[in-house]
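This document starts with one chain, in the form predicted on its own, laid out as structure tokens.
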Amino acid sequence: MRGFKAFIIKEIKENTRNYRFFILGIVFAVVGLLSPLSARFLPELLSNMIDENITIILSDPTYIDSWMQFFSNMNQMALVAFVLVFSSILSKEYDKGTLVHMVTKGLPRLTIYYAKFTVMLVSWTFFFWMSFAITLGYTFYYFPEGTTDGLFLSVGSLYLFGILLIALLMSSAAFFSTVFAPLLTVGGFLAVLFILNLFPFIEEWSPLQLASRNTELLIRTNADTALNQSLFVSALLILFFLVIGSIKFRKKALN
């Protein structure tokens, strides 16, 4: 346990020195600010840019628009940035040979593996909910009529989807020694999910629901059978990715 704590402290210091936390802090803060601001002022900007001879009816923005922007920005910006920043979570260690020294000094491989995953998980948790808090505050400021009914279900689903991708990223980093292979693995996984969603039966169990039905969940305020199935499958996949990754890391050559 002492080695686990010491390795986490080492990872936090390293991620601070190489500006990973700084970059993610900026990206997630921008997402938190941009979501309600774009929902509030984008219709006005569009109306000013449109030619006077063209008539377009724009409905007044609501708090739903703010959270729609949040879900979109989190999927397209923040989550992508997070995966890119941590794609070299193990590859740099392989290149430098630092893991060999740690293991030969008695640090268990599983301690290294799960400590790195823990740092990613804590980072995702902190930055995600920081961005959420910023969006929540500005959404209530610009749209005081808004409500939190169904909010935590829709946001929590997206949060869990992020954990799923982090588990896959960690697992693929244990299998491959390059930076790009884990990125391709995550990208390929998402592509497969989109393809499988073409089949209605598989779609009802797909983890992709956690990142694609957020606005719907916000409006309907409660889960249905399909979402519960998606949550169940996602939890199993997270466990599966972590287990096979740890098994591979225990056997992998570190030099």
Partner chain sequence: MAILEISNLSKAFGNQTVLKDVTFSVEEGSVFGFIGRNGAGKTTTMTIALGLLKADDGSIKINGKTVQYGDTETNNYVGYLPDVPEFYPFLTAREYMELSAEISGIEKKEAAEKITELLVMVGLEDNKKRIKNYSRGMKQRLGIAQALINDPLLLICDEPTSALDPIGRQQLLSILKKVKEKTTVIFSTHILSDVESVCDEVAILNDGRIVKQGTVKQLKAGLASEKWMVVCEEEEHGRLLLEAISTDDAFHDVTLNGPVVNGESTDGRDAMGKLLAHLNALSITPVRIERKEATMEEVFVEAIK
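The shown structure was predicted, so the numbers you read here are calculated from the model rather than taken from an experiment. Residue numbers count along the first chain shown, from 1.
If you look for the form predicted in complex with its partner chain, you will not find it shown, but the lines that follow are about it.
- The single contact residue among 122, 133, 184, 103, judged by any heavy atom lying within 4.5 Å of its partner chain in the predicted complex, is 103.
- The partner is absent here, but in the predicted complex a heavy atom of 99, alone among 99, 83, 163, 151, sits within 4.5 Å of its partner chain.
- Here the chain stands by itself, but in the predicted complex one stretch of 104-112, 151-159, 165-173, 68-76, 104-112, has heavy atoms within 4.5 Å of its partner chain.
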